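Presented below, as structure tokens, is a lone chain in the form predicted on its own.
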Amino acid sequence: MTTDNPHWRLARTPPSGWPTDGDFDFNTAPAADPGSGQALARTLYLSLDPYQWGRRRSGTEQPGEVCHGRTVSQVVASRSDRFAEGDFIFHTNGWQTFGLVGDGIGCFNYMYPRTLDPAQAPLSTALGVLGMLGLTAYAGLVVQCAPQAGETVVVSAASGGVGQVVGQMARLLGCRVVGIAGAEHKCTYVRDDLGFDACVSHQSPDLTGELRRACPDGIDVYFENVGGAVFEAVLPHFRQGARISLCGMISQYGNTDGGDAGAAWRAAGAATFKRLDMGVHNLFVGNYVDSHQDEFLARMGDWVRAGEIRYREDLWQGLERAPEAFSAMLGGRNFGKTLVGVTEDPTDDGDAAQRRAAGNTLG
């Protein structure tokens, strides 16, 4: 019996700026049959992340290829010793309904692949707080910046997927935590629901002054997700020996000049970094999988199950909405970790869907 496989392909290498309708092409074709050592997996959840736009603009992802994306899937047919029919797995199925996993299947090889136990945590968290996103937050904050109790930690894009986790971990480690977010309802969520000590809006006409009042003793650790004007507002407040984890610069991803936003960021702060003897760390999560993944999963799993770290998801239903959700996320119109629900999650008893619809958190 032939199984249809709806999917999105990259239509072209994006010329500049932000995604448009011409960048993606929706198709349907028969799903592949698994070969020896392979399994066919049905996508339940698709993760949408800013780095995917960089892959498309740089040519890493080629026109005609199924769009890259990490996924949670369920095995529907298997000729593999590693995966049995019915298993739930974290892997890289991309923007499609069905895909192969196993021998000879290429992937973007971080935390790939592993089976999941829905009794331990909701399956979708493998794409967020208990996945690459969570490891990114852990590696940048805990491993690179090593915050100490009593220090002030500032997190940009604080209501986003990574920012939520960074701030809550810093709070658990005894730090004063200040978020930077957008709309006031996001700032309220960061303060009241996630427990940050303060949150300021990057839309404020006096962001530097807002930060001075929120961080009267200066900034010891800065987790950078945004860049641009937000970084410029943060720059005057660093203390001697401050540390920065350079995770992302989403404000610059639509630049049309092809320049290196990271290089511009470092140049803007070079004199301050040198004068204050600061540590600036580029964050590439793939460098921390072998060394810290097991430690991260154990520690974060305990925090999540104990309710000490809460987590919000921005779930869009239907694969056909993936480009729309992707554009919204890049434009800051998401609220939490952006996911697409591709097919029904058989482990979801309805509570998770109700929590998302009500805008509540996991944990």
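In this text, all values refer to a predicted model and were calculated from it rather than measured experimentally. Each residue number is its position in the shown sequence, starting from 1.
What follows is about the form predicted in complex with a small molecule, which we do not show.
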Item to complete: Choose one stretch from 86-94, 233-241, 128-136, 289-297: the one whose residues place a heavy atom within 4.5 angstroms of the small molecule in the predicted complex.
Response: 128-136
Fill in: Sole residue of 50, 323, 69, 34 within 4.5 Å of the small molecule in the predicted complex, by heavy atom
50
Worksheet, complete the sentence: If we test each of 330, 315, 319, 304 for a heavy atom within 4.5 Å of the small molecule in the predicted complex, the one that passes is 330
Discussion item. Using a 4.5 angstroms cut-off on non-hydrogen atoms, would residue 123 count as touching the small molecule in the predicted complex?
Written reply: no
Discussion item. In the predicted complex, is there a heavy atom of the small molecule that lies within 4.5 Å of any heavy atom of residue 249, even though the partner is absent here?
Written reply: yes
Fill in: 4.5 Å heavy atom contact, residue 179 and the small molecule in the predicted complex
no
Discussion item. So, residue 221 and the small molecule: in the predicted complex, are they within 4.5 Å at any heavy atom pair?
Written reply: no
Item to complete: Identify whether the small molecule in the predicted complex is within 4.5 Å of every residue in the set 43, 77 and 118, based on non-hydrogen atoms.
Response: no
